[in-house]
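Just the one chain here, laid out as structure tokens, in the form predicted on its own.
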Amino acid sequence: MRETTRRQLTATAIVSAPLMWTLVFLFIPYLVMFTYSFYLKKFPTFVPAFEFVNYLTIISDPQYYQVLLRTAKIALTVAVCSFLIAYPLTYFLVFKVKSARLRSILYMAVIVPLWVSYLLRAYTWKTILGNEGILNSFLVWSGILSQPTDIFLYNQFSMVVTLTYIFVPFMVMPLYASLEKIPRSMIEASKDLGVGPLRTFWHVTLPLSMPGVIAGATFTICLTFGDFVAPFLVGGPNGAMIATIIQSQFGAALNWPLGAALSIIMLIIVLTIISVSDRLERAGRIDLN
């Protein structure tokens, strides 16, 4: 009896710590943010109104839903570009590199940039794409351009390039885990049946790696939705994203209620993406089984 009670107390202590952490640092801040979204701004403070004025402002004002649409477009573009870069690279690492040591070294080379400051990685692309950057210097030196151009920076193109570079490792990691779990016997059986490499990839490798594709796309889309550093550094006036607007509402604009409402909407969008991703991943596993 004492042993059973001791185990129950131990299990309760182990579970209660993360539950308390989640309650204090996640649920309570979300609740405070949700409550603030119903406040009204009355300089120099905010008053509780418990009305949907802030949400109606977001719906009725074109600048807010246009920013949401722009953010969704950039997030999807970053996810697609990350996939197009990460999948061939990961496929090569898993199936073409025979040495386990070399494979580990190359894999770590992809992950190492995550240990570098995010701000430094974003600022690097600002220097590359700028008027005096490496790209413009090369184009002028090679004679392709007579003088530096500013078309590479402060637009959505520069944002997609920067965010894709930053978030590619988040696509590589789940893809690597997914491709590595594919039984080699299935690929060999496909070859034994006379199926070519392209059809084998399309009907065997790609379907079996879909959980990794979905997880990587979820990572890149959600992380892009919450990014406000890259738009500030390389986005320019036409590259504002939803996180940038939220940051400005809590900062320069001092309109916390509207910023809270925007945060709640972004939270709902991200949770919806995660829920859809989870359902797609489960459906894919059921089909494969």
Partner chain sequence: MASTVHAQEKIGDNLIGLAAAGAMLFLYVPVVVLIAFSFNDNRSLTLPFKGFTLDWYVKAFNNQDMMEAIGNSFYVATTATVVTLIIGTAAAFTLDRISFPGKTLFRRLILLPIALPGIITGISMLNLFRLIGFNLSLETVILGHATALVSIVVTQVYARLQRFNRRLEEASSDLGARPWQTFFLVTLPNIRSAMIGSALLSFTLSFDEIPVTFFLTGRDNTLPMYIYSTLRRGITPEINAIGTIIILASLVLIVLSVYLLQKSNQE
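Here, rigid core means the biggest group of C-alpha atoms that superpose within 1.5 Å across both forms. Residue numbers count along the first chain shown, from 1. Every value quoted in this text rests on a predicted model; they were computed, and no experiment measured them.
Although it is not shown, the form predicted together with the partner chain is what the next lines describe.
Proximity to the partner chain in the predicted complex, taken as a non-hydrogen atom within 4.5 angstroms, holds for one residue of 49, 56, 69, 28, which is 28. Remark: residue 137 counts among the residues lining the partner chain in the predicted complex, judged by a heavy atom distance of 4.5 Å or less. Although the partner is absent here, residue 147 is not a contact residue: none of its heavy atoms lies within 4.5 angstroms of the partner chain in the predicted complex. Taking non-hydrogen atoms only, residue 157 never approaches the partner chain to within 4.5 angstroms in the predicted complex. Contact annotation: residue 80 falls outside 4.5 Å of the partner chain in the predicted complex, judged by heavy atom distances.
Heavy atoms within 4.5 Å of the partner chain in the predicted complex are found in one stretch of 174 to 182, 209 to 217, 70 to 78, 84 to 92, which is 84 to 92. Taking a 4.5 Å heavy atom cutoff to the partner chain in the predicted complex, the contacting residues in 98 to 137 are 106, 108, 109, 110, 112, 113, 115, 116, 117, 119, 120, 123, 124, 125, 126, 127, 128, 132, 133, 134, 137. With a cut-off of 2 Å and the rigid core superposed, residue 27 has a Cα displacement that reaches or exceeds the cut-off between this form and the one not shown.
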